[in-house]
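So this first bit is one chain, no partners, the form predicted on its own, shown in C-alpha cells.
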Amino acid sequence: MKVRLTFLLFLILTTVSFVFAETGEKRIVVICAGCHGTDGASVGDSIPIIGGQKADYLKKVMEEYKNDEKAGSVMNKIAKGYSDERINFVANYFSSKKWVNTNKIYDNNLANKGKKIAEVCYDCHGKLGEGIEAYPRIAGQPVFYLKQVLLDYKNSVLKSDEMSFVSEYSDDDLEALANYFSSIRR
C-alpha cells in the first residue's frame, strides 16, 4: 500500500511539473509572438524575423539584452526575466522553425548597388546572407530593420569590432546593402 501511494504521488508530481513547464514554455513563445509573429515570422518592418535564425546567435543576443550589453526598447526588460534555461529554450525553439522571408518590398536598383559592396559581409554572413556559425542570417529580413541595424552600428548605438567597417560607408551605401540582403529570399 505504501509503495502504491509513493508511486501515485510520484506520478502526480511528475505530471504537474510537466504541465507547469509546458505551460511556462508556451507562455514564453506567445510573448515573443506578440512582436516577432507566429513562430518568429515577423510581419513588421522594424522587428527582425527570428524563426529559423541561428540558435547560437539568438542565445547571444538574448544574453546581451539580459546583461544590458545591447540597447533595446523592450527586450532588455523581457530578457532579464528569463533564466539561462529559458533563453536556451527560446533560442532553440525559434531556431527549429522554418525561415519565412519578409514580404516587404525592396528597391531593385538599390539591391543591385548593394550587391557590389556586399562582399565585405560574406565572411560572417555568407554569400547569400545565410549566416555562418553564430553570425545571423540577414537574407530576407525587412529592409527597414537591416538599414536601422547598420546605421546603429555606424552611429555607435550598437558596438561590435566586426561591424566597425560600416563607418567607412555612406548612409546611402548602407541602404543599398540593406536592400540587397533583403532581396535574397530563399
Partner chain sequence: MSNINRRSFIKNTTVGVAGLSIFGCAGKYHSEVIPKKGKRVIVVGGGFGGATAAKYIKLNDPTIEVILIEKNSYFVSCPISNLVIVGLKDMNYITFKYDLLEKNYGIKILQAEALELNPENNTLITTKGVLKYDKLILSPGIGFIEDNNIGYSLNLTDKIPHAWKAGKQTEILRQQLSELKKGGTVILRVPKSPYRCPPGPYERASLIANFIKRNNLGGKIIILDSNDDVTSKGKLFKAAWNNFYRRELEYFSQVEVQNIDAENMIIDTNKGKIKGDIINFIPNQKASNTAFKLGLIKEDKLWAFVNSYTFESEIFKNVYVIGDSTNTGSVGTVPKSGYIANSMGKVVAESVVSSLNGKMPPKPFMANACYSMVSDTEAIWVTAVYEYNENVKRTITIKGASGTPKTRSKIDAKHQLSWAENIWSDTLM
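Positions refer to the first chain, counted from 1. As the structure is a computational prediction, the values presented were derived from the model and not from experiment.
What comes next is about the form predicted in complex with its partner chain, which is not displayed.
Against its partner chain in the model of the complex, the set S96, K115 and S183 makes no contact: no member has a heavy atom within 4.5 Å. Interface residue remark: N67 is not counted as part of the site for its partner chain in the model of the complex, having no heavy atom within 4.5 Å.
Among residues of the shown chain, L110 is not one whose heavy atoms approach its partner chain to within 4.5 Å in the model of the complex. In the model of the complex, A41 approaches its partner chain with a heavy atom inside 4.5 Å. Residue contact with its partner chain in the model of the complex: E63 places no heavy atom within 4.5 Å of it. The stretch among 116 to 124, 130 to 138, 51 to 59, 25 to 33 whose residues place heavy atoms within 4.5 Å of its partner chain in the model of the complex is 25 to 33.
Of all the residues from 71 to 88, those having a non-hydrogen atom no more than 4.5 Å from its partner chain in the model of the complex are S73, V74, K77, I78, K80, G81, Y82, R86.
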